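Shown below, as structure tokens, is a lone chain in the form predicted alone; questions about how it binds or moves come after it.
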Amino acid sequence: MIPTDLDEVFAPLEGAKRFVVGQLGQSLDGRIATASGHSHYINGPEDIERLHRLRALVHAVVVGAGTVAADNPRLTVRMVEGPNPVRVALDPRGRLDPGRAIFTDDAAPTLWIQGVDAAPCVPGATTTILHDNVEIVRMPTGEAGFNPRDILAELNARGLSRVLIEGGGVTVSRFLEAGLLDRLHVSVASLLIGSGRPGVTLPEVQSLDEARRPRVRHFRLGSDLLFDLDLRSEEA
């Protein structure tokens, strides 16, 4: 029988001073959104509650610019009790609208990380406080955007050592490829989209011998199935 106890889901994280966990919600065919970016809601209410509990366990929740632009998320723990994490938006080209919810709602501190060469989204803004709860931070970028290690170093320097990489697929995949995730939560909903945006995207392998085979726990959340992957203890 597949367990449903959320306390068991979070047991490996509770009490840990430092961890990085990735999060993806997807369809049976591995899509996290339609081709247009619509994703509300692939997963059901039980899994959304699980995600809010996960946010309450971390110091910072990280999302890419595409997720902020498409979903306008709040990234709070409003469905459960607990503190809201610091919200971190990765925006290497400085393309986000400053009217997005995480920059205006004052629900939690927000770091808006922009590339050093990005044009300021707000006239006169450089590395400064946009308003009381939003700080713009400038960081170097490469061809693929920010180096994930640089992002974690910046967060750790601020005392943010329990980190959730919540989306989207490109952002989670970059942290996964860099070997920086301790765990990965993949919640699979019982629907088929057939097209759209993939979840995990990694460099090609030539044989299944090269595929990653982490230990996994399964949890049923309503009609969804959560895969909790332990990326630090991969099976041979």
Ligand SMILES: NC(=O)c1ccc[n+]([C@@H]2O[C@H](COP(=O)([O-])OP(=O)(O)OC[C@H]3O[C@@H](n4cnc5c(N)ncnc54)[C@H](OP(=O)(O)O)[C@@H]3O)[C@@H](O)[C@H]2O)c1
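All values reported here derive from a predicted model rather than from experimental measurement. Note that residue numbering begins at 1 and tracks the sequence as displayed.
If you look for the form predicted in complex with the named molecule, you will not find it shown, but the lines that follow are about it.
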Each of S39, I42 and G64 near the named molecule in the predicted bound form, meaning some heavy atom within 4.5 Å? yes
Does R138 reach the named molecule in the predicted bound form if we count a contact as any heavy atom within 4.5 Å? no
Using 4.5 Å between non-hydrogen atoms, is I32 touching the named molecule in the predicted bound form? yes
When the contact criterion is heavy atoms within 4.5 Å, does A70 count as touching the named molecule in the predicted bound form? yes
Heavy atom of R162 within 4.5 Å of the named molecule in the predicted bound form: no
Give, in sequence order, every residue of 158-181 that has a heavy atom within 4.5 Å of the named molecule in the predicted bound form, or say none if there are no such residues. E166, G167, G168, G169, V170, T171, R174
